[in-house]
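A lone chain, given as structure tokens: the form predicted on its own.
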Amino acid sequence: MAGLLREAAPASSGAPHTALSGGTGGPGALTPLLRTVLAALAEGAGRRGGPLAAGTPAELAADVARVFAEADGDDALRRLTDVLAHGSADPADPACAAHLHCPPLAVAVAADLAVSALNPSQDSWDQAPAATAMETLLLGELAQLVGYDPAEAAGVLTSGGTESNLMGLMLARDRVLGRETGRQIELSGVPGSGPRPRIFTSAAAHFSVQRSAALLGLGEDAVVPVPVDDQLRMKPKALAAALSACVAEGDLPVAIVATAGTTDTGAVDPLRTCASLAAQYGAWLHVDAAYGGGALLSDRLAPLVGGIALADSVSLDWHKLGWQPVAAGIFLVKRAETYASLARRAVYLNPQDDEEAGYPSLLGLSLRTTRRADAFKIAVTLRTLGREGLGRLVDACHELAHSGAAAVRAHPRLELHADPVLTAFLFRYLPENTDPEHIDRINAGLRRRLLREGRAVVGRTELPGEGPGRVRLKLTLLNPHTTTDEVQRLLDAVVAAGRAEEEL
């Protein structure tokens, strides 16, 4: 704290350090600063020279701490930007392929700069007149993309899938539990007696389902993990059996959370079956399509998420398979009236007479109050590339994943878990010693070796189940400009690192 509060070195005369980014003078004040930032980004990336800087976490942290302590005055922007670029994992590098961490489109980043400069806040119309209108228009288009009637649907931009899943389960809790008990759950809370609320999701679903259940007062134990098949898709018969058992035990099925694109493999649960069972048991269906929603952009892949329009709510993340800077999450509901429990009136933000006079408010659509205009960059991207242009990027990554999987299958020291569904696949390196614990150690170690040497960022996960032998490496291919030769070189680096680990 003392370092942050020390007196800064005096800025040179005429330096725009106290200038503002808005107003008529804002662009002029930003121009020299942007030149500094762009130059420092290039310098830092050049020093990094790959997907991430070589070194241990402690060494990289010490480098950041040194620059953090030394940067002052006119030089602070340049030096801190340089060290940030040098010490970042670059998702645009073909050897950076671990996570759903996309390289953003330059046009989306430029659009995001406009939002940062103008700083609209979406909690009231008079803080964001144009941005309010633009978010409303964009959400209508995205609702149509999902298959909803935009005249009946509603939604909001979110920080990502975790927030969207929380919202879907909150509305499910209030709607289904409220119907069952005759109480307004958002006011009176979850009743301490009566049937226990239960949420059903696959064993491979995102951890945010359990986290949401805890935050909503239902408890993580309210989540029933449904077994998955060898492709990590929820088993329909297992879901039907779990729902039947729930009712037989006197519990209440509140929601089914179907995943359209699991984090590890891109697996898509049987959405139509989930919708049918939700209707049969009076449960809310939420589809977590944070990853798989990108398939909606592609004519070829859209059938993978067929049935998504049957959901009561959907989450999408365009900072995954949409090439947007974080954050670009979207939450949609099929029927606007189901949003009722989120409605809020704050007299200093959305007084009723303002709304009656035609000044709209988005306040009651979000869990947040202050909120960036994240819709703008998505709107610019859609208008620039269109669905067809974005679909070509999705298809390119899908083809790249299949090419990479074929290369794994052809290599004698690599083992593929399953063919890609979207743009990710799991595999592992096979050492000469085939003891399951040894295989796990070698794969975990080779990944850290690649990180330490700055050669590659490869994902690591574990298959469901118990015992050793479940560790897998993961490639998540989100750079549509990566070539098949570059993926092959990445796999060759994995094999070389595996052999080096075996020699220890």
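Fair warning: this is a prediction, and the values are worked out from it, not measured in the lab. One rule holds for the numbers: they count along the sequence shown, beginning at 1.
The same protein has a further form, the form predicted together with another copy of the chain, not shown here; the description that follows concerns it.
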query	finding
Which of 298 to 306, 270 to 278, 411 to 419, 352 to 360 sits within 4.5 Å of another copy of the chain in the model of the complex, heavy atom basis	352 to 360
Residue (of H206, K334, H398, R175) lying close to another copy of the chain in the model of the complex, criterion heavy atoms within 4.5 Å	H206
Listed residue (P236, G391, P225, P120) with a non-hydrogen atom within 4.5 angstroms of another copy of the chain in the model of the complex	P120
Contact flag, R489 vs another copy of the chain in the model of the complex, heavy atom cut 4.5 Å	no
Close approach of P468 to another copy of the chain in the model of the complex, 4.5 Å, heavy atom	no
Contact of T369 with another copy of the chain in the model of the complex (heavy atom, 4.5 Å)	yes
Partner contact for T434 in the model of the complex: another copy of the chain, 4.5 angstroms, heavy atom	no
Output flag, A89, D221 and F376 jointly within 4.5 Å of another copy of the chain in the model of the complex, heavy atom basis	yes
Heavy atom within 4.5 Å of another copy of the chain in the model of the complex - qualifying residues of 111 to 138	A111, D112, L113, A114, V115, S116, A117, L118, N119, P120, S121, S124, W125, D126, Q127, P129, A130, A131, A133, M134, L137, L138
